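What follows is one chain in structure tokens, specifically the form predicted alone.
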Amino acid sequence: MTDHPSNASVASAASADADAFVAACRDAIGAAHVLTDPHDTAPFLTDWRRRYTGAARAVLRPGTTQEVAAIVKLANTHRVALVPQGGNTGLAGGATPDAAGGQAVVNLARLNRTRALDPSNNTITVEAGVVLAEVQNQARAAQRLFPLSLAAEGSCTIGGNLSTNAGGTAVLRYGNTRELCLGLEVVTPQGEIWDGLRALRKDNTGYDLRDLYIGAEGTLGIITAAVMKLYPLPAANVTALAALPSPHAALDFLALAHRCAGPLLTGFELMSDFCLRLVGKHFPQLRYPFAEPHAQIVLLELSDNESEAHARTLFEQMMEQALESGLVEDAVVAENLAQSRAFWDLREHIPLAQAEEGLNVKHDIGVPISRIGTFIEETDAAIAQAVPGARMVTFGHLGDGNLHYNVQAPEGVDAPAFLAQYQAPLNRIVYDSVHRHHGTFSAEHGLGQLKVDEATHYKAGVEIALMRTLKTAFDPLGLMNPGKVLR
């Protein structure tokens, strides 16, 4: 008779192997950068929204690409799963370990060097842990623009931006992070280093590995550095707020702005009246910008390489047409940088005001731009029928079809109870509507662990099968961020 090991002995062996992994990591990257004490690891184990809290065998903080590669090789030897992490600002739980305690977090904040800045080639080469705002500042010092801009830019990192293919407020003109990247350096799941740091805009030499890693959320390998595109620094930015009667009018105004401004149009953000009322309620210093209420507000921005006078003249002509045609009910143009910043503060404080108001059901959806007005009308009506009194916080990047379509509990209703009762049915209403309109249930935040099941539900079987084939080919041991993107 063959004796089989007990569950206790298997668990003991696994624990011993994990302990050996941690000890080997101390030798590889230095004991000071291997965190195991609960007090030290706690900041790395909860996501930004505080929706997920995991446990980890250790938090590892490598300082070079070679150290990342050494960690991955050790993980292969000891069969320890790794969770790559940047600034830990993600909104889908993609950088949080599971609750079992056997995974290790690989935080890349120490990979924070700029390797090259080439103004003539309009490129900057940075490591994964460089904070987005630092890339913007270095570009500006060289009279260049790095256009990726989002609310977390003071703490999110380039590696995280690439891993989630972050969007932001300038996608309309410059595209998502994928469009801003020319080359990557990646540590593969086997611990090898792929040097794809090519600062080239044309390179037709086979499969585009770069685009596979971007948006993969660390499930195919760990991005350690990137070559990012820069652009000429605009001579002027002109910002305005326009009041409109409906989302349909906003779409017509967007078409007019495209005709009048063309590539100068760099921002076109939609905000409902309730969004700005909520901001004013919780941040009184940010006042409602118009004397009368309006159903929708658009924040738009032009970036001009000629002059501020040229930009303002163009802006005034566009606004004159919009007002005369009735698309726009009222408008105010920022007179200086401080007023422009105040306009953007209104937009950026919407998520903060929501948090102050209480728990809510968030959606990061995208539909074809032409369908946005109809989507909002139909889905608002379905939600009102399901939850009378629900308050819609609808805002986002209208210019690229991405809305943050959030549902706040009815006035006076306990927010946690509302979330527990209605989150699942509201998600189904919204995502089914998105699907009918040929959209996506995750436009810029990624899947992480939050939406991994939605992917299986809404994506075609052949697409999921192809994704699984890629995952198995790249990561046959399943050690790269398991449970994210795919189950």
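Heads up: residue numbers just count along the shown sequence, starting at 1. Keep in mind that this is a model prediction, so the values were computed, not measured.
Separately, the form predicted together with another copy of the chain exists; it is not shown, and the next lines address it.
Any chance all of E192, R259 and F441 sit within 4.5 Å of another copy of the chain in the predicted complex, going by non-hydrogen atoms?
Yes, the whole trio is in contact, each within 4.5 Å by some heavy atom.
Residues in which of 115-123, 134-142, 97-105, 280-288 have heavy atoms within 4.5 Å of another copy of the chain in the predicted complex?
Selected stretch: 115-123.
Considering D414, E308, D208, E316, which brings a non-hydrogen atom within 4.5 Å of another copy of the chain in the predicted complex?
It is D208 that has a heavy atom within 4.5 Å of the partner.
Of L346, L327, V171, I383, which one comes within 4.5 Å of another copy of the chain in the predicted complex, counting heavy atoms only?
Checked against the cut-off, the match is V171.
Considering only heavy atoms, tell me if N336 and another copy of the chain come within 4.5 Å of each other in the predicted complex.
Taking the distances in the predicted complex, the answer for N336 is no, it never comes within 4.5 Å of another copy of the chain.
Answer yes if any heavy atom of F395 is within 4.5 Å of a heavy atom of another copy of the chain in the predicted complex; otherwise answer no.
Flag for F395 set to no.
I'd like to check something about V462: if you look in the predicted complex, is any of its heavy atoms closer than or equal to 4.5 Å to a heavy atom of another copy of the chain?
So V462 counts as contacting another copy of the chain.
Evaluate L470 for contact with another copy of the chain in the predicted complex, applying a 4.5 angstroms cut-off between non-hydrogen atoms, and reply yes or no.
Because a heavy atom of L470 falls inside 4.5 Å of another copy of the chain in the predicted complex, the answer is yes.
Output the sequence-ordered list of residues from 196-220 with at least one heavy atom within 4.5 Å of another copy of the chain in the predicted complex.
Counting only heavy atoms within 4.5 Å of another copy of the chain in the predicted complex, the contacting residues of 196-220 are R198, A199, L200, R201, K202, D203, N204, T205, G206, Y207, D208, L209, R210, D211, L212, Y213, G215, A216, T219, L220.
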